[in-house]
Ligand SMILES: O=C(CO)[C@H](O)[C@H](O)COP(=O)(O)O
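Just one chain follows, in the form predicted on its own, and it is written as structure tokens.
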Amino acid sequence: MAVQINPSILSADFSRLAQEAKAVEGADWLHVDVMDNHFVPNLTLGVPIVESLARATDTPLDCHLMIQDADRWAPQYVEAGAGSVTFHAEAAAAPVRLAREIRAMGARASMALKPATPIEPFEDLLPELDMLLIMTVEPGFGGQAFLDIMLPKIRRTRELISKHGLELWLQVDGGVSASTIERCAEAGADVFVAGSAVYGASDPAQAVRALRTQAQAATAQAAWACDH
């Protein structure tokens, strides 16, 4: 399984987003946190900024929608240039229909789960997705401490993915850093969102490379990867 590192621009300098995007061009995706001050208690950016970012970088955009009424808004982020759109299970009225709509528009469809939301009720709809995001902090703010209690949930999700033979990416977001990424990889994650661990470093591109090396080494030793 290929490890992917997705720097989160939530931790970047919003006054110079184009330059900040170019600073991590070795990354697999650029993670864009969209918050509406309703689903989460914070307000970030929306469709116009995503459109501008898509023009400013060749790195594909991974838009994480922490917003209400995802069924209505998610397709607009595909139109804005996102290559992957993540909606929250807690905010989607018809997740299968929405995932199919996102895919039909040419983007990857992803669903996110807040820490208290179990994976098991969504087992049957996993084949409709390209990626599943396990939040390892409560969504809404960057810079939070990693929740170790999410590691069993990551393991259970990886087991479900393997059980159904799916080529489904498993992403983690929240507190991912040099001190936590190996535990995430060992548990079954293969896509890692890192905010302050990348943009708080003196050399963001080097931080991406270092995190990738750590995750690859941990994955190579992980039981789930050896069994795949």
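Don't overthink the numbering: it's just position in the shown sequence, from 1. Here the structure is a predicted model, which means the values were calculated and not measured.
Unshown form predicted together with this ligand; subsequent notes refer to it.
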Check your understanding: When the site C-alphas are superposed and this ligand is set in place as seen in the predicted complex, is this chain open or blocked (3 or more ligand atoms within 2.4 angstroms of backbone or C-beta)?
Key -> open
Review point. Which one, Pro75, Pro115, Gly140, Gly81, lies within 4.5 Å of this ligand in the predicted complex by heavy atoms?
Key: Gly140
Review point. Given that this ligand is left out here, which of Leu10, Ala215, Ala207, Ala23 has a heavy atom within 4.5 Å of it in the predicted complex?
Key: Leu10
Check your understanding: Taking 4.5 angstroms as the cut-off for heavy atoms, does Ala99 touch this ligand in the predicted complex?
Key -> no
Check your understanding: Can Asp190 be called a contact residue for this ligand in the predicted complex at 4.5 Å between heavy atoms?
Key -> no
Exercise for review: State yes or no: in the predicted complex, is some non-hydrogen atom of Met66 no more than 4.5 angstroms from a non-hydrogen atom of this ligand?
Suggested key: yes
Review point. Is Ser196 close enough to this ligand in the predicted complex to count, meaning some heavy atom within 4.5 Å?
Key: yes
Revision key, fill the gap. Which of 45-53, 182-190, 58-66, 160-168 lies within 4.5 Å of this ligand in the predicted complex, heavy atoms considered? The stretch 58-66
Revision key, fill the gap. Taking this ligand in the predicted complex and a 4.5 Å non-hydrogen atom cutoff, the residues of 10-46 making contact are Leu10, Ser11, His31, Asp33, Met35
